[in-house]
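Just one chain is shown here, as structure tokens, and it is the form predicted alone.
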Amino acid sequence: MKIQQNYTNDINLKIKRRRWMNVGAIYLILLLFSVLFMGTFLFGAMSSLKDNPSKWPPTLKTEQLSLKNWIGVYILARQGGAGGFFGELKSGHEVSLQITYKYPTGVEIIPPEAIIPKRFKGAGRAALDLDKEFTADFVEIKLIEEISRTSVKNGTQVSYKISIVNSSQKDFDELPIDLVVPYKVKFKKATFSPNRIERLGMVQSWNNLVGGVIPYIFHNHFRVFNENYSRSTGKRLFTTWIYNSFFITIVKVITTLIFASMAGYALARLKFYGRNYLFVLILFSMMVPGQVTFISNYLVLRDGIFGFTKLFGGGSLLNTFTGLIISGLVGATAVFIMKQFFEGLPREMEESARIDGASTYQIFAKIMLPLAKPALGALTILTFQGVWNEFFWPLVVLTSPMDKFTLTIGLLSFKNTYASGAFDWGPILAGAIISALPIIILFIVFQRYFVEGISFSGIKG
């Protein structure tokens, strides 16, 4: 008896170990798939922080995420008279940058030449701001001070202190600087790393010594907002595009939830003539690609919904938010999801409510709709994601001015602003990452409803 019990325990232990091994293997596979699918997004997010995302070979190493650089940026921003996280150069303050070079044997040791360049903000429309006041016209570079000199192998290592003082009555939100050294002199270290090292290492450039930690890390993200503005209204275009996308997306999500829930409930619960034919027609419309109906939908908006809007003094619905919203109030997929979900709910609740004297509208609003939260949550995510990322149809409907663009169309304009000739991919990547954040946040908030809604939508009661 005891031998039999020990044998049973060994079998159970082996079964448990095999079960945990299977679970571990499944989690490992899922982890590998998540790394595979999220790898491009993470690499894009890391690259959006870099000064030169197209640098070859590609690497995940980013100077903007270095703790040493954060400390250096914080110190200089504090020296400028503002906070360390968001800085500026205030009147009467002095900023000191420390830098170390290695001079090879035989090269004359001379201090670097410090220049405060007159730079416009990036390659965007802010580059046309010809009335800008430059920091170089108001600040003064003190005599460069040598701090230390140490003999090293094959040369000498020299550290310098470069002080810049703002003796004017103005405050500046940026302080760029270029340091020029002789050929073969190697840059070793500084208070924080330069943004660029150019001309065979002879020039080290910093975009802003006093920007602060947050603008230093998210330099390209700040450029997206600050360098693009409307010539007609003066508003920041990227902020306007985000507002337009949120407005259109929220309106479409609300209309989809309202009409899809009502249509799905009617097809699942109400009995009327032609119900099955109507459902087949909805399924058929799901099989028709958007390219087939593109021209007809365009003509409908051009003529003002078959000309009806012209009867009320209106014109074409092209290049309007109204036309973009009306053309996508509700989709067939949303109706299908809601119908399948309502069919999975027990009918006894409706029957008991009817016995108590509840009408069809009361049953739908007070009983069925609250139970449909999982399906509505899944529908919210799917609709929000679809409308937010929609590109082709808004590109056709919304043409001008740029203030009317959605975020996806606005990002397309970045190709001409930054990529043509300048190859400045940082703001483009930053804009793409910002556009993905609402979808990620929405999925995190509604993920429980999303999983439940998708799993229950095909269950029949």
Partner chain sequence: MENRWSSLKEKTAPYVLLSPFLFGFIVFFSYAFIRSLYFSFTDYDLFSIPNWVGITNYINLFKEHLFTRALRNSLTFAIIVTTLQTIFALLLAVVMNQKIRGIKYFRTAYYMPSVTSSIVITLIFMWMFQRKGVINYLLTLLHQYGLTIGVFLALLAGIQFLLVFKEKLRGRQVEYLEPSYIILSIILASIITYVFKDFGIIKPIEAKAVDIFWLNTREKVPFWAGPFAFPRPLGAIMILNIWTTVPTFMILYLAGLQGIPKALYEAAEVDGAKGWQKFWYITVPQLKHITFLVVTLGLIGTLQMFDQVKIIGNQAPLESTITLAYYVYQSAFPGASAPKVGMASAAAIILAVLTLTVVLIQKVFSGEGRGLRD
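Positions refer to the first chain, counted from 1. All values derive from a computational prediction rather than experimental measurement. Here, rigid core means the biggest group of C-alpha atoms that superpose within 1.5 Å across both forms.
Keep in mind that the form predicted together with its partner chain is missing from the display, and what follows is about it.
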Would T408 count as a contact of its partner chain in the model of the complex, using a 4.5 angstroms cut-off between non-hydrogen atoms? yes
Does G106 reach its partner chain in the model of the complex if we count a contact as any heavy atom within 4.5 Å? no
Please tell me whether any heavy atom belonging to R354 falls inside 4.5 Å of a heavy atom of its partner chain, as the geometry stands in the model of the complex. yes
Residue-level question: is P370 within 4.5 Å of its partner chain in the model of the complex, judged on heavy atoms? no
Any idea which of 98-106, 68-76, 323-331, 242-250 reaches within 4.5 Å of its partner chain in the model of the complex, heavy atoms considered? 323-331
May I ask you to choose, among F138, F222, Y298, F85, the residue with a heavy atom within 4.5 Å of its partner chain in the model of the complex? Y298
For the stretch 376-399, which residues lie within 4.5 Å of its partner chain in the model of the complex by non-hydrogen atom distance? Q385, N389, F391, F392, L395, V396
Superposing on the rigid core, I want to see if S400 changes position between the shown form and the other one - specifically a Cα shift of 2 Å or more. no
Answer yes if the Cα of M262 shifts by 2 angstroms or more between the shown form and the other one on a rigid-core superposition, and no otherwise. yes
D171: with the rigid core matched between the shown form and the other one, does its Cα shift 2 Å or more? no
